[in-house]
Each structure stands twice: as C-alpha cells, then as structure tokens.
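A single chain, nothing else alongside it, follows as structure tokens in the form predicted on its own.
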C-alpha cells in the first residue's frame, strides 16, 4: 500500500490496495491514520459490489440509513443513489446533492464521521470528466483566523436546519416535506475533531440559521463571514472523478461542493453514497 499526499493542504491517494478483499488490522490502521491526517482519501480502480462497499465502510463505524429513503438502494438501504439518471420521468437518486458548500448532515445530532462516494458512471464531455468535487479544509481555515477572531467565536453555538438551505436556494423541492420533518439542532461554531483534536469551523451558509444568544442579522453576517473564509481557495482540494473511484472524506475537517457542470440526458452520473456514524460535536 502506498499513500500519496496531494500538493494541497488536504487530500491523498491510496494506491496498491484492493478494497474488495478483507484488510488486515495493520492495513486498516494505516488507512485510518491517513484519513485523520489528510481528510480526503481516494482509492482508484476499485471493483466493489454493494456488500464489499458496506463492509469497508463498517471498518470506520456504524453505517447509517438516510431519511431520504426514496433514493435508497432497493436491496441495500445503507446505500443512497447520487445520480441525475431518470426513470419514468423521476430521478432515481439525489440529483442535486452538494449544490452548495456544506458538511454532510450537520443538521443531525450525530453528524457522520465519513462519507463515501463510489463512482459507477461519470459524465464525460469531449474526453474530459465533468462533475468535479471541491473540498475545503475547515481546520486550516480555523487556524488561519486571527487570535481575536478565534477567541470571539470559541464558545458560540449555531442552529443547523436542513430545510433552510433548500428553502433559500429553491433546490430539492420534491424532498421539502421530508426535510421539514427534521428538527433543528445546535452545534458549536468551532468543533473539536474527535480523533486529532484540531479545531474546525463548523458553519455553512446553507444549513446554519442562527447563533444562540445573538440577533438574527448579526448571526447571519457572522455565519456568512466564517463560511466564506472556510472556502477560501488556499484551503481547497479538487477531486476529478474517474469510474471506479472510491472517495471518502471527513465531515468534521472539510466542507465540499459539487460541480454540476453536466446535464441529463446527454451526461449520466451514478454514485453509491454511504455514511458512517460520527460523534456529537463538541
């Protein structure tokens, strides 16, 4: 197994490992340590069926079942389809996932530690793959704040609501009823990574609707300022997809954004998505 860090502040490629085969404890320990260090890991050319994907994910923790059950795999509810493919006029998967910068499922009490995407179909135009995924380091963004700003936000707590992003952007209308059933939660504006101890900014313009004890306008202005700082290009890493990539990322350390530069039916995209249970943010 070879671990090749990217030239960016986050990201690495794990080479010469077959995830379809059981990993030894030593092999998994190396991958787990690399995940905590680099936050975004890519495994190219993996040939995984659904049970093998689920088995690998379970090495990192309990695999979750999402509330958007209509996008779940019919035989493996742990897997969600992320896809723009339509059947009988209906999306078979979550077509606009990642349209805005966010960290996955921050609107839940225990957001997932890791998200995995396994690429089965990648949109291509003129021989060039479309649909890049952008990542930005919330840990490096926190470290780059001034001491005064870090002290100001250290004890603040933000309100996260899944329907907020959808209501403002107008996306995901078909899922609104399900989204509004999810209660708002409150998490620290600065989250401590449960494995590395690093401090990470944990706000986004989409899900964050306010800050406890702060007037609404002032809270939203601060959220927007911190969110814009988090996604500064100097903190970023870009993943360019290939078929059979397995990509995984740390939802405490990074935020991500999908490049929706393709469209149905001329371009097809199909991913299997799986999330692994995390900890209550502190």
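What you see is a predicted model; the values in this text were computed from it and never measured. Numbering follows the first chain given and starts at 1.
Below, we turn to the form predicted in complex with a small molecule, even though it does not appear here.
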Task: Contact of residue 102 with the small molecule in the predicted complex (heavy atom, 4.5 Å) - done: yes
TODO: Look up in the predicted complex whether residue 161 has a non-hydrogen atom within 4.5 angstroms of the small molecule, and give yes or no.
DONE: no
TODO: Look up in the predicted complex whether residue 189 has a non-hydrogen atom within 4.5 angstroms of the small molecule, and give yes or no.
DONE: no
TODO: Would you check, heavy atoms only and a 4.5 Å threshold, whether residue 249 touches the small molecule in the predicted complex?
DONE: yes
Open item on the list: Using a 4.5 Å heavy atom cut-off, which residue among 210, 93, 98, 123 comes into contact with the small molecule in the predicted complex?
Closed with: 98
TODO: Taking 4.5 Å between heavy atoms as the contact cutoff, choose which of 185, 156, 114, 82 touches the small molecule in the predicted complex.
DONE: 82
Open item on the list: Among the candidate stretches 251-259, 45-53, 32-40, 58-66, which one is within 4.5 Å of the small molecule in the predicted complex when only heavy atoms are counted?
Closed with: 251-259
